[in-house]
Ligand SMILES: Cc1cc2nc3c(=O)[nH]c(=O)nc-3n(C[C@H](O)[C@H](O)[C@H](O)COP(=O)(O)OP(=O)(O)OC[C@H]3O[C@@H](n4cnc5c(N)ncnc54)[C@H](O)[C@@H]3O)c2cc1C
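This document opens with one chain alone, in structure tokens, the form predicted alone.
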Amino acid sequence: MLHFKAEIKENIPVSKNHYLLTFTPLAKTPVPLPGQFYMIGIGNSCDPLLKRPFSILTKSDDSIRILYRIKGKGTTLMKEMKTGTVINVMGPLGNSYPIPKKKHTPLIIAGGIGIASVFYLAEKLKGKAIVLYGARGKHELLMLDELRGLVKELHISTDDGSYGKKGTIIDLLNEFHVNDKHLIYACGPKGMIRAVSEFALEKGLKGYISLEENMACGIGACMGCAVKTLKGYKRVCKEGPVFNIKDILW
């Protein structure tokens, strides 16, 4: 069942420009996997017309949480949605992060709001993951207290040096002792993902990246989110959002 209605349980700010939305499906739905996403309808009018895609932050027995950033009309309206509001949701959609084999140490690399995509993965890995998390400043580091309780190691950088090591997430990655036992999982701004991919290719490392693209339908019909890969154009909403780190042609 892809389409369902859900009731908002909580919609609270976690920083100046970021909110945490918790909703409960009003019908039985498939259990989501780390890396998948939901398309959420905003408001009851035709403006905005299209649903918006959001990564799954966590899934409990009865509720789902998503983390979102205020950056346009849709999310500005979304932050005003109150507890008890019933919303239209579609999902879970897309593919998921492959779970690492025992011989691999999961190395999660997140930039800013990209933590939303990999947080659920870190939770599922039950203390096995090493996380490198970077943002422009302390105000854009999200869910830190919860994240610390989920991972084996947490290394943080900020561009302005306001928290953790000063520098970009790529600076942090270059200083980290990565080897072929690490399996990379990454999500963040496109420039960061490209740099992580180039780093992995240069070092001969394996891993997966989650891409963000504008989506209209979320089910692969409109072709609006296609990206170029070694195997031709692929739809981020259908064949993705998770891709092998070696497959994307930048």
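Remember, it's a predicted structure, so these values are computed and weren't measured experimentally. Residue numbers run from 1 along the displayed sequence.
Omitted here: the form predicted together with the named molecule. The next part is about that form.
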Completion exercise
Students should find that, of L33, A195, L205, L67, the residue having a non-hydrogen atom no more than 4.5 angstroms from the named molecule in the model of the complex is L67
Practice task
For the three residues T105, Y185 and I245, verify that every one has a non-hydrogen atom within 4.5 Å of the named molecule in the model of the complex; reply yes or no.
Solution key: no
Completion exercise
Partner contact check in the model of the complex: of 128 to 136, 68 to 76, 159 to 167, 82 to 90, the stretch with a heavy atom within 4.5 Å of the named molecule is 68 to 76
Exercise for the section: Flag R52 as yes or no: does it have a non-hydrogen atom within 4.5 angstroms of any non-hydrogen atom of the named molecule in the model of the complex? Expected result: yes
Problem - Exercise: A116 in contact with the named molecule in the model of the complex, heavy atom 4.5 Å - result: yes
Practice task
Decide whether N214 counts as a contact residue for the named molecule in the model of the complex under a heavy atom distance cut-off of 4.5 Å.
Solution key: yes
Fill in the blank from the handout: Contacts from 222 to 242 to the named molecule in the model of the complex (any heavy atom within 4.5 Å), listed N to C, are P241
